[in-house]
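Next up: just one chain, as structure tokens, the form predicted on its own.
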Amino acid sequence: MMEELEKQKREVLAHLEAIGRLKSPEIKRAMLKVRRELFVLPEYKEEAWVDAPLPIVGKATISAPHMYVIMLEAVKLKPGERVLEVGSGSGYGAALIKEIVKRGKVITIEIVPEVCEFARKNLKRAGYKTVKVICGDGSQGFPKEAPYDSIIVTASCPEIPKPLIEQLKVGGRLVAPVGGISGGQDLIYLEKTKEGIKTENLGPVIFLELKGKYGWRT
């Protein structure tokens, strides 16, 4: 099975390179190294490298490989940076981030206890013991470890939560899906500069809703 998964992984990454999605050698290296099959439910292990979202615990999902590429390409992480991921999901995204920032700090926060524990166990099993997993309301960020060089939000919000913008360093970058619960979402890139906030719409996406004080009240 390992050989087949490796083949599927390389095929997906080659396709993403061919269509211009995957450009960064650092992101490619991270995706080649992190074993995605360790972050899915056992019954989906053979489908780990299908380029589509898969269900995990707590009605959550692990996003499709191409979505991680899009978000990581947008924020342009660098070694040594401090990164907050809002919405831990399976833990796969945090593992990719850790591979890119190397000795930098990675904090991932998840509001659903069952999902939080799933991410924590997966990261530990995959060898990412220095990733800090927090069970809590990520819509409020995590002030204790702020400020951040980058924040990646993996659930759709009505608007980018103000606490997350406040917890960014000047020069910091953030990416988040913004829009309705059932559709009409756009992936928004935000950069905090000395002059103010700059944003860019990276195109339509579909994510589950962000829960918490600054998320959707469901």
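The model shown is predicted, which means the values in this text are computed figures rather than measured ones. Throughout, we count residues from 1 along the sequence that is shown.
The next section is about a form of this same protein that is not shown, the form predicted together with a small molecule.
Segments offered: 184-192, 27-35, 53-61, 168-176. Contacting the small molecule in the predicted complex at heavy atom distances within 4.5 Å is 53-61. Looking at Pro147, you'd find every heavy atom of it more than 4.5 angstroms from the small molecule in the predicted complex. Interface membership of Leu208, defined by any non-hydrogen atom within 4.5 Å of the small molecule in the predicted complex, is confirmed. Proximity of Val75 to the small molecule in the predicted complex: non-hydrogen atoms within 4.5 Å are absent; the residue sits far from the partner. Contact check for Ala155: a heavy atom falls within 4.5 Å of the small molecule in the predicted complex. With the partner omitted here, the residue from Ala126, Val131, Val115, Val101 that has a non-hydrogen atom within 4.5 angstroms of the small molecule in the predicted complex is Val115.
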